[in-house]
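Before any questions on binding or motion, here is one chain by itself as structure tokens, the form predicted alone.
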């Protein structure tokens, strides 16, 4: 069977399983919406999981405190779920909300903001219906209708890819959705090659040193098994696509990349009957993770390893030291809670227990064939970002939101620069009331040393009812923001973003 036919058959099988009746079983949801409204009244910070009130916002100016660096001129695009309720029904899983893309434009004249719902096929269909009618990944939908393929339920709500002068909104299990970088109008799903229409293109692509893009697409969420490995050229054309299969079901949200290898850590799981994917999924802590190490110049010849169970959504960086690969990741300590992050907040409740997250190193001995997790002793670090120019562990700093001191919400209120090699952490604490999201690293023009750059991070202030953007010097976090830009209203908490320089 040739590769083209194999891909067609694999995708057709996965799409057919995605339509299985178990995904379409329903139960009543209005009580969840009522409980959330009650919880929000008692806990204003839950507005981080409240639906937006309009389809688009702006463009409009933000109020700037401090000064934007003269060299920093471009746009921070941010993505995240923003619509959780329709007609009295509310999603139960954070990952289910329809995506809204934000554009924070910075230059010496100030900061402007614009936001717009991503007009996916799912979003347009439910706008016409006035209610939820499409199956969701984490919530059983009352009265769900049939879908043709995974793109019919694509929410485009997780991340952003900037590729040349093009901008894409990304989701875990569907096509990349292209948008206009100027006004954020939705242009539609991208098909990289005809037989790959609606193939999953995950939310965490990685840019190689030559400007090309590596990514994967998991078939597990569609009812199949295995991965697609994508390689795009810097101009957005498809260089290569390959398949990676294993007998054990494995969940993964992102992956890691070293100089010569791609590393995929598949978390084992079992499925229960009925309900939606994440409600049926149970991480299998009694089984090892399967680790695939794939040489970039030999995609068809992966090496497989087993390592003790660990649940990871996000990886930081990866390095090659002789015949060893060191991968840094945020590992979750509660696999039950990890399958639905902030599930209590989605229901309007305060969680009785938290899901502890720690920064760990996955050490892969290619020569000896062994793999192990090493703890760093650093905890509470999710949404890690890095300066990809670092080529050795001692050069690298990991930037991650953390929770420090008193906090109004069970959410990060600070941003940290972490030197794992020396066991040091430099932190800026925004305060008790501020909720700090992912901070994206942007290298200073003309700089060469890793770490020379700025961090751009979005903030959520439920007490003053505002959302904002902070700009910090990555080498001097403890000095606080160089500038902050605030809007007079709030948006729900998002996930990931990407910076694009002005042409």
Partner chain sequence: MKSILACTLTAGMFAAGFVHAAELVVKVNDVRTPKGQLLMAVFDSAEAWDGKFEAVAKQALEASAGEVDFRFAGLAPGRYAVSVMHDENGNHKLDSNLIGMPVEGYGFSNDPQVMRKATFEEAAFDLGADNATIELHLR
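Keep in mind that what you see is a predicted model, and the values were worked out from it rather than measured. Positions refer to the first chain, counted from 1.
What comes next is about the form predicted together with the partner chain, which is not displayed.
The partner is absent here, but in the predicted bound form a heavy atom of 125, alone among 296, 231, 125, 429, sits within 4.5 Å of the partner chain. Checked against the partner chain in the predicted bound form, the candidates 284, 196, 388, 263 yield a single residue with a heavy atom inside 4.5 Å, and that residue is 196. Only one listed stretch (408-416, 112-120, 137-145, 67-75) carries heavy atoms within 4.5 Å of the partner chain in the predicted bound form, and that stretch is 137-145. Using a 4.5 angstroms limit between non-hydrogen atoms, residue 149 touches the partner chain in the predicted bound form.
Among heavy atoms of residue 327, none comes within 4.5 Å of the partner chain in the predicted bound form. Put simply, residue 200 is close to the partner chain in the predicted bound form: some heavy atom of it is within 4.5 Å. For the chain shown alone, residue 398 is not a contact residue for the partner chain in the predicted bound form, no non-hydrogen atom being within 4.5 angstroms.
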